[in-house]
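Starting off, we have a lone chain in the form predicted on its own, written out as structure tokens.
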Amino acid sequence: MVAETNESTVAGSSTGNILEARDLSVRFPIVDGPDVYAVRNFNLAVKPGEFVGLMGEPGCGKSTAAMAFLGLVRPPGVIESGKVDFLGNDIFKMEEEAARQMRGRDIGMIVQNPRYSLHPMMRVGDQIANVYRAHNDVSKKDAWNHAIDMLRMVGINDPDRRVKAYAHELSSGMAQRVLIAIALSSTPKLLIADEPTSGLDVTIQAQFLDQMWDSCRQTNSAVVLVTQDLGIVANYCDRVVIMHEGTIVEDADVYTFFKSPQHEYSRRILNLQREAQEAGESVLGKIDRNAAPIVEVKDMSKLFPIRASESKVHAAEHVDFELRPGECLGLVGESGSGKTTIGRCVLRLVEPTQGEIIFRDRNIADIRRNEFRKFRGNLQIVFQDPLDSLNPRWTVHQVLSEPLKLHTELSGQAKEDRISELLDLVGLEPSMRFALPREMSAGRQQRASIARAIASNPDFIVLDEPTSALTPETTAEIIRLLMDLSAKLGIAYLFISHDLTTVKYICHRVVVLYLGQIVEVGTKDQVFNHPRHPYSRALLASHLFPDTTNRRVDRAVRETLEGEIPSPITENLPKGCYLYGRCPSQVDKCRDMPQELAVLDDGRSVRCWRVAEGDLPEEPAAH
């Protein structure tokens, strides 16, 4: 939100609350069945300047309640009863035109799916300007300039160019920021945000939430934030409201909630965080550092040619790392840093431009693709979205049969016994054997994907954001499963993730990437507790750990990076340090001086001459 205030025609509230929902019920009629109440007897009051987190498991009615605050409901739903009072006005009794004027001007809403919400045939600048002009008496030119300012405010680089883009020309994160810009364009008194940061990098997420929290305090406006992210709740919310089966079961200040949650669901999600951490710690430290590496990556680079152009996209540059049996190596960095490309190159799903990939003393980068199949069973991957990675027409039995057919000699009863063993290993019920993907929850789908990956007894698995599409409860279950499998089978993992909390729980070592370069490599404790590279420090400072003892909003200095990662096109890359322009520790020498990965006295490697020469002092992490 911006700092100015907006004139409003709504009346004041006699209770001093911005929003009051009383006995709200939303019903969905079901053909040939009993009606479903998504929200029942819902009561909530929000004060000016308050930041309220609305949490609950999927299907509990959070998003439906948030829509009902605006007097809206998705068809065929019906707002059956109750009252929503906004600054003294009953929204359900307002004339439609008055309610329409209120939405977008006095109450803003950010929804989760930007692709679904943005018009595919209109430039994003026109979409922001049209919403702004609908509630403000300004010219087209002023509205267009305001759209540019809003894009700049939400952290989009080169807003004068991006304002002319269409939705399909933007990344998911950029599209989400456009929705945020639309919602904040008229400085609403109440912002309802439904998972607003789900498509954003941690650095951009921190910038947006910092700005929203500061504006909430400065303008005395309020925020209702629908989320499943405990880190966001711990660092920004004043109150936590828990929903279960359509009703509020807990309403507490954030410190009380994290210290002594009352409801069973609240206790469960907080316990799951601790259990996930314990599951990771139970196998950490058991790696034999003297053992021969399973996988070694040496001087690997990847450039993607741009069609009908001599330019190339710089995806990975001179990457080096190794993994030993049972080790979990974390690969972290913003979107566009090259994490997924590196994972795919190691598996030769994408061919590297140069470099060596040593698997058990054999350089598999030089093996012809038609001869590589015999290695494929030892090198597997688990993808980010389990539903997209499973054949929708295949049962779990068929999904697991395929790798056994391709990479083993099993047949007949031996194959059936192996499928039963795999189901047991990943915790899938025998009844799931002949289930289709659409008949399973996201957690079961991901378990099936993991079962497929381990079917051929691989030595190495790339985990590409394996928990990003899952609920906190399911995420904790998958973490425990992966750690158990690593302990039992000695599998090495390359764990690619934006979720630094999970990386902290389960990884032995961490590789930090920026614009295709490794900028820091060290043990988990080194990187998380004492990061040395300026980018590592900013990345970790921006991540929101579920801890109320060091809330981001309470820090005197909130360390972060401004702007976005630069263009990866080779001719546009910075001449010197790739972080120059965003780095808070930059000096003139950094602009033209290419950075080398230097080994420090504590054994870690850092790509920064100031750190290598002792010019930047070591400081503990901000989190």
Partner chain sequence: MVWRFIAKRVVIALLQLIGISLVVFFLIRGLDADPVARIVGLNATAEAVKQATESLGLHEAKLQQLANYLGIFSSSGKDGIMQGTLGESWVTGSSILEEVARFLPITLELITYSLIIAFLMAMPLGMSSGTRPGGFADRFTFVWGLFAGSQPEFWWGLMFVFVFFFLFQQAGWPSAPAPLGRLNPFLTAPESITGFILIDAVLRGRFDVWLDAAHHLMLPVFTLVFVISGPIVKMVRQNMLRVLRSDYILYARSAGLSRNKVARYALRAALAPAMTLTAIIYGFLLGGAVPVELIYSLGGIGEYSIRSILNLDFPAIQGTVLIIAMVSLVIYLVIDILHAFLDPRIAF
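Note that the rigid core is defined as the largest set of C-alphas that superpose within 1.5 Å between two forms. Please read all numbers here as calculations on a predicted model, not as lab measurements. Residue numbers count along the first chain shown, from 1.
What follows is about the form predicted together with the partner chain, which we do not show.
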| property | result |
| --- | --- |
| In the predicted bound form, the one of A492, I182, A315, L482 near the partner chain [non-hydrogen atom within 4.5 angstroms] | I182 |
| One residue of W144, F375, W213, Y166 in contact with the partner chain, assessed in the predicted bound form (non-hydrogen atom, 4.5 angstroms) | Y166 |
| Distance check, L597 to the partner chain in the predicted bound form, heavy atom within 4.5 Å | no |
| Contact flag, R100 vs the partner chain in the predicted bound form, heavy atom cut 4.5 Å | yes |
| In the predicted bound form, T341 touching the partner chain (heavy atom, 4.5 Å) | no |
| Contact flag, E96 vs the partner chain in the predicted bound form, heavy atom cut 4.5 Å | yes |
| Output flag, P392, L423 and P458 jointly within 4.5 Å of the partner chain in the predicted bound form, heavy atom basis | no |
| Partner-facing stretch of 150-158, 201-209, 395-403, 103-111, counted where any non-hydrogen atom is within 4.5 angstroms of the partner chain in the predicted bound form | 103-111 |
| Heavy atom within 4.5 Å of the partner chain in the predicted bound form - qualifying residues of 126-162 | Q127, N130, V131, A134, H135 |
| Core-superposed comparison between this form and the one not shown, M122 Cα displacement 2 Å or beyond | yes |
| Threshold 2 Å Cα movement between this form and the one not shown at K140, rigid core reference | yes |
